[in-house]
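Heads up, the chain below is alone and in the form predicted on its own; it's given as structure tokens.
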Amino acid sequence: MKIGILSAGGDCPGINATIRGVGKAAITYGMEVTGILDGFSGLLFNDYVRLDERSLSGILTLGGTILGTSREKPFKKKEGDIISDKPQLIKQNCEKLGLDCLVCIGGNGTQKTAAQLSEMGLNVIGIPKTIDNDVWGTDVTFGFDTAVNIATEAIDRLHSTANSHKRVMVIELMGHHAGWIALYAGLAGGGDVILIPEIPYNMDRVNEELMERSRKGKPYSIVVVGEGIKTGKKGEPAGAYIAGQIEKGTKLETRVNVPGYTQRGGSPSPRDRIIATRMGAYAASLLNKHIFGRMVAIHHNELTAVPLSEVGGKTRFVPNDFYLIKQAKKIGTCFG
């Protein structure tokens, strides 16, 4: 077999570990491995490299992706496109390259594209990647653990400066429309208030919680905010909005911190390296069995595969009855 591997969408710690997992296992099975450069753009312009044992060596700990990535969505037409039928061109180029299967590493958008390519008749395997942990069909995605570690460290550091200046510190964490990072890092970092998109919040309730802490002689508070929460107007940064509402409603000195892209940069955590390696090797085992049209998933720490047709266009949100929310409320954490 000859397989192609690509990474698409945002960068994420653990992509290289996944490429390595797929590639090394595939070579063991006797397959030829081709790396597609810059996501689906590489399939439009025939940009690729041969991946062998040597090129896969030493990349386990590297952040980013050795193959590059892009936001190219071949099924989405946009003004100025020079290629009229991108999906058909991708299919033709896969045939010209002699690819028996395409392994697509990416988040929700990538898995949707993978499902659409599968419907066109291409042999495709998806591997879920995102720090947001919001890909439907799997309990966890690689990249999430690293992001939580980075976000938690940021919160840890805010405690000391907040205490020194007797301030309210608001930290805005990534996650698009899902609050997984904010919830996990907020709980791990001792956030006093955690606001996530899945739980509607009342600003008066938040301000009263902060005032009550102040009345009890607690010198500072940490407010953890998911970037996807509703704000006063569309496009307004979540952290800045909440900080402004706190100062207006409580007169407490408030500052905002946005770690931003640092949450998805750098070397993957040990746990993410293991998850990525497991997922990559499992994908290769599916290829060896000629099982296609699936996305690799982890359910209750066991590897499995779910149909790509069931994954595309769906988002995995934090359930309102999630056990961590229940535990956090028991120790007095406010969710607004």
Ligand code: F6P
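Keep in mind that this is a model prediction, so the values were computed, not measured. Residue positions are given as counts along the sequence shown, with the first one as 1.
Same protein, other form: the form predicted together with this ligand, not shown, and the subject of what follows.
Engineer: Please name which of the stretches 138-146, 197-205, 259-267, 246-254 has residues with heavy atoms lying within 4.5 Å of this ligand in the model of the complex.
Structural biologist: So the stretch in question is 259-267.
Engineer: Just to confirm, with a 4.5 Å cut-off on non-hydrogen atoms, which of Arg157, Lys218, Lys230, His176 contacts this ligand in the model of the complex?
Structural biologist: If I apply the 4.5 Å criterion carefully, the residue I get is His176.
Engineer: Could you confirm whether Thr113 comes within 4.5 Å of this ligand in the model of the complex, counting heavy atoms only?
Structural biologist: Close contact is absent here: in the model of the complex, Thr113 is far from this ligand, nothing within 4.5 Å, heavy atoms only.
Engineer: Since only the chain is shown here, I'm wondering whether Arg71 would be in contact with this ligand in the model of the complex (any heavy atom pair within 4.5 Å).
Structural biologist: Contact check for Arg71: yes, within 4.5 Å of this ligand in the model of the complex.
Engineer: Indicate whether Ile131 is a 4.5 Å heavy atom neighbour of this ligand in the model of the complex.
Structural biologist: Yes, Ile131 lies within 4.5 Å of this ligand in the model of the complex.
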